[in-house]
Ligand code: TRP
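Given as structure tokens, the chain that follows is alone and in the form predicted on its own.
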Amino acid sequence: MANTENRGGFGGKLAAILAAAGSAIGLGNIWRFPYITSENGGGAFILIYLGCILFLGLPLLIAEFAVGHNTKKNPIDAFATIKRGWGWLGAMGLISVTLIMGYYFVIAGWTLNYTIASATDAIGSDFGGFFHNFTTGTWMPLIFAYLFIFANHFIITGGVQGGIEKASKIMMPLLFAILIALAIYSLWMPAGREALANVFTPDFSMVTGKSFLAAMGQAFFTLSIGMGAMLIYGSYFKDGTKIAGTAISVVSLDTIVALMAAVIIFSAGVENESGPQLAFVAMPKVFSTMPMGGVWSTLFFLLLGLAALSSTISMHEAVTSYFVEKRGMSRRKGAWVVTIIALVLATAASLSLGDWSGFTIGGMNIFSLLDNFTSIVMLPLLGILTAVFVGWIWKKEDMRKELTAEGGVDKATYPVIRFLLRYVCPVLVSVVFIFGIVDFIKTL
């Protein structure tokens, strides 16, 4: 039995923007964007990326917000309300985000451990060894992952305003304060001015077809599209919220964080690394050579932790909303179901890096399987289907009313958004999907 009474909502525009921006701003902004910017011509790549954000990321984000805001329901019921028989699309999103939580919570736990280790000067001088010994261990990675999961659980059980909104109003200003402090300090470093040049000076000689593919992929993945998180947040927007304006604010904040992270990483001189190696090996090594390096290292990993927490909250909430509204559970009970699922998946993902590393599927351990299956298959496929649903399945007049209500989108801009969702977005995400599958097959 559905339970939609007292589902709550964000108290205002600022709360909605902070929460949605928190969902979008994640680990990829800090450890993926700088690397691919460096590899693909600096400012030249940024120009391409901004174009992809404008013509791909923004329309898809508007689409998810619009579906959620229009129906005021969880992802499954939202799609089914607009078009009967399409609830499966929401279900696919919830399956995807549940699998993502399985490995994302493990990485989030690493940020917590490194924050503490940096503050206590426990990392030592063998940076690669410290990372390997910790991540392949049995109990310590699990303990920190569990702590992160329970932090999410505590926030989610507080409700939309009492939990998510309150946490976002604390976390996001703190995240930006730390980011600004690190960026200012980075620009005082010897490589600081060079970092600005590397970030913003275009080098079109380094631009290839893969540069456009990387830009499209980053624009799509950075905004949490396809997993139901933005849809459920859109359902919590107050009546009269300007969907397009809110989406533009979220995209702007997300892009600013990525650019500032690039300045920080380039200033440290580690732009040739990416992913966990950049964050957990290269950056601590650089911080160790700086004055007050322990302080800056602590702030950096606290920044990563806040980015991870703001993203995982939206993931947890998307699935919790299903159990509350679709299964009739109380928020507390629904949150516990999701938390237990997350604990099980995170345990398997973490142990697959150590004690269970011998167990593989298609040559991948559980951690890599969850990562690759969701990022290469599930999310791009869901992005394509979401664009098709909003652009082709949703009645044109109903979509127009949703987007133009309360002055959200003017009548001249609406046809552009609809055109992008009907033709441009499905094609661009399909390109990302096809090339991702091809590269994945090559690695097998």
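We call the rigid core the largest set of C-alpha positions that still match within 1.5 Å between the two forms. Quick note: we count residues from 1 along the sequence shown, nothing fancier. Just so we're clear, the structure is a prediction, and the values are computed from it rather than from any experiment.
Another form, the form predicted together with the named molecule, is not on view; read the next lines as being about it.
- Item | in the predicted bound form, Gly26 touching the named molecule (heavy atom, 4.5 Å) | Looking in the predicted bound form, residue contacts with the named molecule include Gly26, since a heavy atom lies within 4.5 Å.
- Message: Residue-level contact is defined here as any heavy atom of the residue lying within 4.5 Å of the named molecule in the predicted bound form; does Ser314 satisfy this criterion?
- Response: Flag for Ser314 set to yes.
- May I ask you to check whether Phe221 falls inside a 4.5 Å heavy atom distance of the named molecule in the predicted bound form? Yes, contact at 4.5 Å.
- Wondering, does Ile232 line up within 4.5 Å of the named molecule in the predicted bound form on heavy atoms? Heavy-atom contact with the named molecule at 4.5 Å: absent for Ile232.
- Identify which of Ala108, Ile265, Val97, Ile243 has a heavy atom within 4.5 Å of the named molecule in the predicted bound form; exactly one of them does. The option sitting close enough to the partner is Val97.
- Query: Exactly one of Phe79, Tyr104, Phe301, Phe148 has a non-hydrogen atom within 4.5 Å of the named molecule in the predicted bound form; which residue is it?
  - Reply: After the contact test, the surviving option is Tyr104.
- Region of this chain that lies against the named molecule in the predicted bound form, out of 28 to 36, 382 to 390, 53 to 61, 395 to 403 [heavy atom, 4.5 Å]: Checking each option against the 4.5 Å cut-off leaves 28 to 36.
- Message: Does Arg32 move appreciably between this form and the one not shown, meaning a CA displacement of 2 Å or more on the superposed rigid core?
- Response: Yes: Arg32 shifts by at least 2 Å between this form and the one not shown.
- Taking the rigid core as the superposition reference, indicate whether the CA of Tyr49 shifts 2 angstroms or more between this form and the one not shown. Yes, because once the rigid core is superposed, the C-alpha of Tyr49 moves 2 Å or more between this form and the one not shown.
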